[in-house]
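One chain follows as structure tokens, the form predicted on its own.
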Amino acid sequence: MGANTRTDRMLPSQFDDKLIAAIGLTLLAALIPFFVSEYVRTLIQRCLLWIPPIFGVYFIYSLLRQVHFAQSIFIGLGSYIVAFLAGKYFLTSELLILLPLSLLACVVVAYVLGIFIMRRTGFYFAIMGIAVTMVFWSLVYKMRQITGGSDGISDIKNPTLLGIQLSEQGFYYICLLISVGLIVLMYRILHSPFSMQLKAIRGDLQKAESIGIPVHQMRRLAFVVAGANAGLSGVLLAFLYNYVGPTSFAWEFGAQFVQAAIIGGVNYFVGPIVGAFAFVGLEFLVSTWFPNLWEIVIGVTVALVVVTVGEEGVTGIAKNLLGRVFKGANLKERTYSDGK
């Protein structure tokens, strides 16, 4: 009888726990707009749209151990496609046109750039990403007649879906749906043979080549996956702000996704999610109270995380704290049962 009771208590698996937690968080995000102000909803929307590009940084680092600063290229590419078609030329604001078009453009650009950038590793990979980002930023900044230069492009029409213009709340749910969909897709990719091949490349490139893995092609595909995530977010961020400027291409903007990934923790799948909310939330709080100090606070926070917990990030800290709490609770329960 005791054995059966113990077995019954062990029935909920780790997968079930994660699934229940994921469903619960998604439902919470779906209900939040009914209880918060429009400004807070927009802030949460921004967090949701930061998750995919941060997952790109996490994807490249966790599988290839490369630091990816070039996500802003694809954010900017997706944003400017919206700026031209839904803003400057007023051709269309249909999401079912703009999302696939931006995805295609980002895939093509990422594949071409990947031919050159992914030939390098470590320090040189990071520097090449920054250098290419600076080229894109410079082109957009100087082509004033086309891109608006430093003024950017504003007055972007609100998005439509199947010809129906979305309300602010409706657009929030579109952002939530796409973010959750990309998270699920990244989970599937990270648990696929493709990711196993990338890990083999990371472990020993020459050995991976010797067993028949197309090393350069796999690395380019990883770069494409990261860029596609950022491009889709770029489309939605342009509609969120109703404005696009050259800062979308700035390498400093791409560095923020790296910082967010570090804060969240690059050792955990939920790290990019935690990092997005932690970075955006910290930036909002500090810039509200101390407008001129938020960069310093973010920098100090990243430095402290790297020095103290490294790749564990905030997620690792929370996991350790929860582990101690539950361990203490289980110990008390066991002591009580033994005493009884």
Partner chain sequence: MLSTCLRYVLNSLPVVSYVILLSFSYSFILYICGRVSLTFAGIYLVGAYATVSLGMALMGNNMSFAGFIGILLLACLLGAAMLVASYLCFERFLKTDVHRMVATSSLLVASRGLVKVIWGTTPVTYSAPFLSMGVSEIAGNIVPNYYLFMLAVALLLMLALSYFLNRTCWGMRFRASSLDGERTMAQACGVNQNVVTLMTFAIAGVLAGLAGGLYAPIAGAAYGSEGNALLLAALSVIIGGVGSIGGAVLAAFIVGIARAVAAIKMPVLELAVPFIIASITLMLRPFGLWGKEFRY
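Since we're looking at a predicted model, the values are computed, not measured. Numbering follows the first chain given and starts at 1.
Missing here is the form predicted together with the partner chain; even so, the following discussion is about that form.
Asker: Counting non-hydrogen atoms within 4.5 angstroms of the partner chain in the model of the complex, say which of 196, 134, 104, 184 makes the cut.
Answerer: Looking at 196, 134, 104, 184 one by one, just 134 meets the 4.5 Å heavy-atom criterion.
Asker: By the heavy atom within 4.5 Å rule, which residue out of 258, 77, 225, 236 makes contact with the partner chain in the model of the complex?
Answerer: For this set of options, the contacting one is 258.
Asker: At 4.5 Å between heavy atoms, only one of the stretches 226 to 234, 245 to 253, 86 to 94, 147 to 155 reaches the partner chain in the model of the complex; which one is it?
Answerer: Selected stretch: 245 to 253.
Asker: At 4.5 Å between heavy atoms, is residue 175 in contact with the partner chain in the model of the complex?
Answerer: Residue 175: no contact with the partner chain in the model of the complex.
Asker: Even though the partner isn't displayed, in the model of the complex is residue 288 close enough to the partner chain, meaning a heavy atom within 4.5 Å?
Answerer: Residue 288 lies outside the contact set for the partner chain.
Asker: Does the partner chain come within 4.5 Å of any heavy atom of residue 299 in the model of the complex?
Answerer: It does: once the partner chain is placed as it appears in the model of the complex, residue 299 has a heavy atom within 4.5 Å of it.
Asker: With heavy atoms only and a cut-off of 4.5 Å, decide whether residue 126 touches the partner chain in the model of the complex.
Answerer: So residue 126 counts as contacting the partner chain.
Asker: If you apply a 4.5 angstroms heavy atom cut-off, which residues in 298 to 312 are near the partner chain in the model of the complex?
Answerer: Contacting residues: 298, 299, 300, 302, 303, 304, 306, 307, 310, 311.
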